[in-house]
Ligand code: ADP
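Here's a solo chain for you in structure tokens, the form predicted on its own.
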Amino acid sequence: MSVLELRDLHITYRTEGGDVPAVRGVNLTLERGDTVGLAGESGCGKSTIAAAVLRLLPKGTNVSGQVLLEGEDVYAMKPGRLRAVRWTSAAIVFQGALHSLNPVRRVGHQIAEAIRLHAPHGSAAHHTDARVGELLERVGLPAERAQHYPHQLSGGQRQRVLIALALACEPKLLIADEPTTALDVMVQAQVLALLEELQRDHGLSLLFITHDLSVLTHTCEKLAVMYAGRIVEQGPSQTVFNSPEHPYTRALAASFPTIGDPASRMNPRGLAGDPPDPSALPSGCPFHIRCDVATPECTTLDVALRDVVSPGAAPGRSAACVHVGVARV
């Protein structure tokens, strides 16, 4: 059974200006131990999907399709069952540790609270304290840091605390939503190495969300690229990054320096134009207004994901573009 499965997921925000579609028909599966990267520019729907998995979307948001955690539909769960699933089946690490941690409570107390809420009744306090110290040490922090407040820790240390908090109840799925965005390069590398180590040692399924394809290529086995609320390309990470089929994936990959390639830092190419307004998407392929290989056909056809069948294509490749070699269905 899959740890996470998204089936034809549609998410629409209700605003004063009208309904805004944020996610449009996304299908995605994570098996046990999978590491899957979800990439795309700001506003493409990545973080909306992260929040949707644990039903953290704002009240009034319209969700259709299914979000299945170990085969159970999150949006069919009663409140008590939903509380039990959070932290134990799936947990999330957000990008802003200062916004996620309570500034007036010691970090150890915050980790302990999650443990107590989900531990068997009657668990001794000293067992909880020992568990907090164990979790902090697991993410590379001394157990004594439990007595510190968030403002007494560096950005990298706070992010490690968030990871310890997410691991408190041994979830099967860890969602990392832009966990390194606010960190400097050296600390980013340390946090990424930590996530890789934890995933490998504990068999976690990891959904890693970021805009930087090169980071995902070195962290995840599989990669899905989103644009305007939809997945436009997916497949093995190295293959998607090194031989992208969709013009958007090519442009996104060229926008960031490649890890281990100093020359790429000298000439990164930015993406032309801006993402489309999700409430007023252009006809045809939403990317055609920014695409350097667009043809008249692109202005009328919005191609769904199709299996790539071009010579030498890796298994599991799919893309949504009229210009790639795909199986017509």
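One-based numbering along the sequence shown. The structure presented is a predicted model; accordingly, all values stated were derived computationally and were not measured.
A second form of this protein, the form predicted in complex with adenosine-5'-diphosphate (ADP), is not displayed here; the remarks below concern that form.
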Query - Residues T15, V20 and S47 all lining adenosine-5'-diphosphate (ADP) in the predicted bound form, heavy atom within 4.5 Å - result: yes
Report summary line: in the predicted bound form, the residue from Q95, S237, Q157, Q188 with a non-hydrogen atom within 4.5 Å of adenosine-5'-diphosphate (ADP) is Q95
Report task. Check whether P296 has any heavy atom within 4.5 Å of a heavy atom of adenosine-5'-diphosphate (ADP) in the predicted bound form, and answer yes or no. Result -> no
**Report entry** Touches adenosine-5'-diphosphate (ADP) in the predicted bound form: E41 (any heavy atom, 4.5 Å)
**Finding:** yes
**Report entry** Non-hydrogen atom contact P278 with adenosine-5'-diphosphate (ADP) in the predicted bound form at 4.5 angstroms
**Finding:** yes
Query raised in the report: With a 4.5 Å heavy atom cut-off, would you call G60 a contact of adenosine-5'-diphosphate (ADP) in the predicted bound form?
Result: no
Report summary line: Note: adenosine-5'-diphosphate (ADP) not shown here; in the predicted bound form, the stretch from 285 to 293, 47 to 55, 298 to 306, 65 to 73 having heavy atoms within 4.5 Å of it is 47 to 55
